[in-house]
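Next comes just one chain, in structure tokens: the form predicted alone.
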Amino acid sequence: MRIIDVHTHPVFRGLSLFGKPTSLNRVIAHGRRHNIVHMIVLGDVLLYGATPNAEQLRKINNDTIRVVKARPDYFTGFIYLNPLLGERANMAEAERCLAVPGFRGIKLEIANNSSHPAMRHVAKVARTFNLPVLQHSWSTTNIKDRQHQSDPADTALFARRNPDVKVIMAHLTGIGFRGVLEAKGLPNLYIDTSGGYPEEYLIEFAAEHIGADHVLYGSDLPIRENSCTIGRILDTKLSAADKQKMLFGNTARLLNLNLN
């Protein structure tokens, strides 16, 4: 099965690719060994801490620009934004990045909780340019910092408040079964499968409650190893058609990727 990885960090200065020097050629070769035909680049989003300023955002996004320009056949970029910087700064950074072909989404990390009023600025950018928003999400019963961390309930609230914006709730194994239930009934909300180690029946539970069409394969490379993250889908009892949707088709459709 062909695979698109919707959650990768090819430029990640604090961690090499499984103990070896990281280069784009090495990342691509690693991906192809696992039948990954395309990767979505999210940037080294914590390089300057939780709340990067405008200059720091530009530096992080410049790394993504470099990757996308170097290998547009293999990498698509998401624009890293900080909602707390306001509408003007977020719109300007989005316009700067979108001047480069190959950007198709927005990435948010932990500058603020996704229920924060500043999220309206990102929602406006997403509407203006028809971009999905990938929001870092994790159960705050495990990580007790709800000021910055977005509980799945918070990410679902953002999707509910903005039904015309497509939202990807990151980290299935970080949001868990409760996170899936928070996402239920929201047609504009998707979940990516990245996070911790596989948990039995969690993929099937997601397919049952939000539909296989709303589950996207993601690894969090280089933090997680692809053979494990792919295996959590391939080893389920789902149909081959549903597995192929999760591994390839859903992300291709959501991002309008035309991959031969």
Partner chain sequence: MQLIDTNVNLGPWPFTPVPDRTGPELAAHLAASGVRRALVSHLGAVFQPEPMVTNRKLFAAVKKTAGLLPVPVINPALANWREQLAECLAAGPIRAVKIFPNYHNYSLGARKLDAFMAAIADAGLRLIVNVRLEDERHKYFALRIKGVPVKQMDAFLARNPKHHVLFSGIYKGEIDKLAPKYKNFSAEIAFCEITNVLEVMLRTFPARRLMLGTCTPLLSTRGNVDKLRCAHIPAGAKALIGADNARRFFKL
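Positions refer to the first chain, counted from 1. Since the model is a prediction, treat every value here as computed from it, not as a measurement.
The following text describes the form predicted together with the partner chain, which does not appear among the structures shown.
Using a 4.5 angstroms heavy atom cutoff to the partner chain in the predicted complex, none of H38, A241 and R253 count as contacting.
Contact between G231 and the partner chain in the predicted complex is found at the 4.5 Å heavy atom cutoff. Residue contact with the partner chain in the predicted complex: E55 places no heavy atom within 4.5 Å of it. Although the partner is absent here, E225 lies within 4.5 Å of the partner chain in the predicted complex, judged by heavy atoms. Among heavy atoms of G196, some come within 4.5 Å of the partner chain in the predicted complex. Interface residue among S115, N142, N188, T128 relative to the partner chain in the predicted complex, by the heavy atom within 4.5 Å criterion: N142.
When the partner chain is considered in the predicted complex, only one residue from K69, H209, H34, K59 comes within 4.5 Å through any heavy atom, namely H34.
Exactly one of the stretches 61 to 69, 210 to 218, 40 to 48, 26 to 34 approaches the partner chain in the predicted complex with heavy atoms within 4.5 Å, and it is 26 to 34. Applying a 4.5 Å heavy atom cutoff to the partner chain in the predicted complex picks out T173, G174, F177, G196, Y197, P198, E199, E200, Y201 from 173 to 208, in order along the sequence.
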